[in-house]
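Given next, in structure tokens, is a single chain: the form predicted alone.
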Amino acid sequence: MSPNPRFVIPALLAASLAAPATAEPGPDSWPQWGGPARDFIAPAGALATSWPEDGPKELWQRQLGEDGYSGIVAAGGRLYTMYRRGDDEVAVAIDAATGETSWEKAQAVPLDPETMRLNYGPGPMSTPAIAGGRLFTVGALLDVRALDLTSGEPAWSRDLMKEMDAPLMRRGHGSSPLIVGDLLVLTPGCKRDAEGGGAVIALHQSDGKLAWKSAECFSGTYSSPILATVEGDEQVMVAMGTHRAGFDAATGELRWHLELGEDATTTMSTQIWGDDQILFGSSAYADGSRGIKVDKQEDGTFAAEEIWYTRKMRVQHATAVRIGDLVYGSSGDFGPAFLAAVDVHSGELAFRQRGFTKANLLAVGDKVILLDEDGTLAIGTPSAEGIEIHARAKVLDRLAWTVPTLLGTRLYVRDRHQIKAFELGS
């Protein structure tokens, strides 16, 4: 199956209810894709549920460059993201209070329009990660860099496309790096029938040297890996092509593996792990959503079983969030999009509702914040009957496919060309 024109975001997305080993969560920390616990659930703040007609209070706005879908991470009063300027991919540090540039670091990454599909822009799409005083970035061609958080100076870099003969993702690499202790976990994938494995790898954060690589060879992915704990065993879980798998987070040893039907090859969303040991994943196009139960066996091995499947919810490249037994997301690809929710135990559809184009969701206490691709921002209360929308306003214009970042009561949003800060406090 050839890549679809909307395969553009590491997209989807929601993540795990198990907390990864990363920077301590706090009101000024959003250290990686998905936030403090990589689940798109923000620490609860006192948010207003009514806005003026023109939307919440705008604190500042600024241009970012010519293109980019990379998410916004934050630490120590600074925001970090990536954008494109000509042939350069640029990592930028921004003062969270003012929007002013603290530093920028550019790297030449020319893209070939003959071998890549760039009609929705060249990205970059991957969201950086913060750990140990460094910013870890992954470019469209799998260039991995470790940059000093304070100065932006490079500590090390790796060209995984050349070094590992990794496959070219025709929309550019979109999976976001995962912090696991002092390791950086990546999903470069393998070319079909390649020997030597390496679908999933871990690098030492200190010097970029290889810590482990999987013995298995799966195709590349736009879906970001998550960290999950199965009965005390810490695992990296991935969705790569038709494969769903869990690897020992410390060694890369395969813990379990499922191979799904050929319609499951287009997953871009991030899977969601629950403490009931159910893994939720969703794809658009010809696929749908499924629940996978992962259990530890009496002999110490692990087994995974698909317990339900439905095409009634199909998340393309947006984030979904799990609240209680329901996963809320935006279902749709090229036709109409619906806000929807499914029960993680049964796969039964709780509701579908109109009113927004494809949207990213962020959970905050008993509320959800959503931003659709047309740039409409909203806040609402989710339930099994639907999401009651309290306030909405159009805040962006240029294809808003990036999930918002919330620090306390300040919300940071971006589209392909600009970033804005809003105060959502009550």
Partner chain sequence: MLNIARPRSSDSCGARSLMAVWALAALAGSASAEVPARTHVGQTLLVADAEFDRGQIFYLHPGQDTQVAVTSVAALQRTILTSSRAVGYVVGTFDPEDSEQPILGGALRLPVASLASGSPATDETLKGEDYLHIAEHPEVTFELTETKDVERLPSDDDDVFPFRMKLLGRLTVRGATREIEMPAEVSFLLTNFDTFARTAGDLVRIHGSFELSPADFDWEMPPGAAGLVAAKLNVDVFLVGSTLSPEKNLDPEVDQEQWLAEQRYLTLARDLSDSETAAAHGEQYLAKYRDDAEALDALARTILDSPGLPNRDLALARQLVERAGELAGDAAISETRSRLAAARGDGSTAREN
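Note that this is a predicted model, so its numbers are computed, not measured. Positions refer to the first chain, counted from 1.
From this point on, the text means the form predicted together with its partner chain, which you will not see here.
Residues within 4.5 angstroms of its partner chain in the predicted bound form, judged by any non-hydrogen atom, belong to 352-360 and to none of the other stretches in 176-184, 352-360, 148-156, 132-140.
Contact annotation for residue 196: none of its heavy atoms lies within 4.5 Å of its partner chain in the predicted bound form. Under a 4.5 angstroms non-hydrogen atom cutoff, its partner chain in the predicted bound form has residue 314 among its neighbouring residues.
Although the partner is absent here, residue 387 is a contact residue: one of its heavy atoms lies within 4.5 angstroms of its partner chain in the predicted bound form. Put simply, residue 336 is close to its partner chain in the predicted bound form: some heavy atom of it is within 4.5 Å. No residue in the set 32, 234 and 247 has a non-hydrogen atom no more than 4.5 Å from its partner chain in the predicted bound form. The contact with its partner chain in the predicted bound form, taken as any heavy atom within 4.5 Å, belongs to 262 out of 262, 163, 295, 207. Checked against its partner chain in the predicted bound form, the residues 271, 330, 214, 266 give one hit for a heavy atom within 4.5 Å, which is 266.
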